[in-house]
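First, one chain by itself: the form predicted on its own, in C-alpha cells.
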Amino acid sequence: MIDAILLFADALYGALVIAVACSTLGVYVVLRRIVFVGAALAQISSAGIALALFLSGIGIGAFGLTRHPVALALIVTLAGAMVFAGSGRQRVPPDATIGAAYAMAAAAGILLIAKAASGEAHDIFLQGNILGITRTDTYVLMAIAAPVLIVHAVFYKEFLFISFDRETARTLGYNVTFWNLFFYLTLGLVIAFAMQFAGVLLVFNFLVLPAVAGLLIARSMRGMFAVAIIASLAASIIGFSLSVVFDLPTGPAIIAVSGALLLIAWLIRIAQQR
C-alpha cells in the first residue's frame, strides 16, 4: 500500500497544494454566500481549456496560447471573475448572472471538446487528471498558491471585513470595489491553475465542503480556516490512498471522503448543541 502511494507521491503533493489553496479561499466563498461562483468559475476555466484544444485542433495558434491551455483558461477565468465582481451593481441579479455563466460555459466547453482533436480530453470537465501531476506541476501550483495565500494572510482584515459587512467597511473608508475585485481575481487565479489537474467537481469540492465543515464546528474565524484546511488535507490523503489501493477514480474518492468528514462535522455540531 505504501509503495503504491509513494509511486504517485508527486501527484499527492500537488493535490495537497490545491486542497490548501482552495479550502482557504473557500472560507470566504461560503461566508459571502457565493458558493456557485466557485462552480461557475471552474466551469468557465474548463471552457477556456476546451477552447485552447479546439483552436489547436483547427490550426489556429491564438498568439501561442493554444500551446499552453492554462494560459487561455486563466484569461477567460479572470474575465469571468471581473464580471462576477461587478454583478452586484447591475440590473440582473447576481445569482442569475452566475447561473447563466455556468450554463453557457458548460455548453460551450462540451461543444468545443466534441469538435477538438483531443477528444479524450473530456475528463477535464469532471475528474481532471490529478494522478498526472508531476513535480514540476507541483512547483508551478506552489508558485501560484503561495503568493495568493500570503496576500490573504497580510490583508486578512480587509478581506474579512468586506465579506461580512460591506456598508460598514465603506463607511470606514475601505475601497470595497477594489477589495471585492481583488478577491475575485485571486479566486479566479487559483481556480484556473487548479482546474487543469483537479477538474470541476474536485475544485468545487475543495472550495465548499471543507469550509462548511469548519463553519459547523469552529468557534472562531481562525478556527474555521484551520478546520477547513485540515479537512481538505485529510480528505486528499485518505481519498488519494483509497483510490490507489482499491483502483478507484481519485477525484470522486477524495470528494466522498470530504462528504464523510462533513457528516462527522455535522454530528459533532449536534453533540455540541446538546
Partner chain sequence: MSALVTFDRASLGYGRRAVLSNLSFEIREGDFLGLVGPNGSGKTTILRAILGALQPITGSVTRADGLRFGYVPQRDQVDYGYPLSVVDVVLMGRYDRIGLGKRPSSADRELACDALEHVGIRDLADRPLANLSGGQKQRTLIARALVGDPNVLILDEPTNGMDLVSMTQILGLVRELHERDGLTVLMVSHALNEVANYVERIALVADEKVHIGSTDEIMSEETLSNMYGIPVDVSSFNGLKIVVARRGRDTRRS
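What you are looking at is a predicted structure, and each value in this text was computed from that prediction instead of being measured. Positions refer to the first chain, counted from 1.
Not pictured, yet referred to below: the form predicted together with its partner chain.
A.B. asks: Work out which of the listed stretches, 27-35, 232-240, 48-56, 201-209, brings a heavy atom within 4.5 angstroms of its partner chain in the predicted complex.
C.D. replies: Contact criterion met by 27-35 only.
A.B. asks: Within 4.5 Å of its partner chain in the predicted complex: all of Y174, A218 and M224, by heavy atom?
C.D. replies: Yes, because Y174, A218 and M224 each have a heavy atom that approaches its partner chain to within 4.5 Å in the predicted complex.
A.B. asks: Can you pick out, from V154, A114, A107, A143, the residue that has a heavy atom within 4.5 Å of its partner chain in the predicted complex?
C.D. replies: Looking at V154, A114, A107, A143 one by one, just V154 meets the 4.5 Å heavy-atom criterion.
A.B. asks: Which residue among A71, V83, L160, L181 has a heavy atom within 4.5 angstroms of its partner chain in the predicted complex?
C.D. replies: By the 4.5 Å criterion, the partner-contacting residue is L160.
A.B. asks: Using a 4.5 angstroms cut-off on non-hydrogen atoms, would T168 count as touching its partner chain in the predicted complex?
C.D. replies: Because a heavy atom of T168 falls inside 4.5 Å of its partner chain in the predicted complex, the answer is yes.
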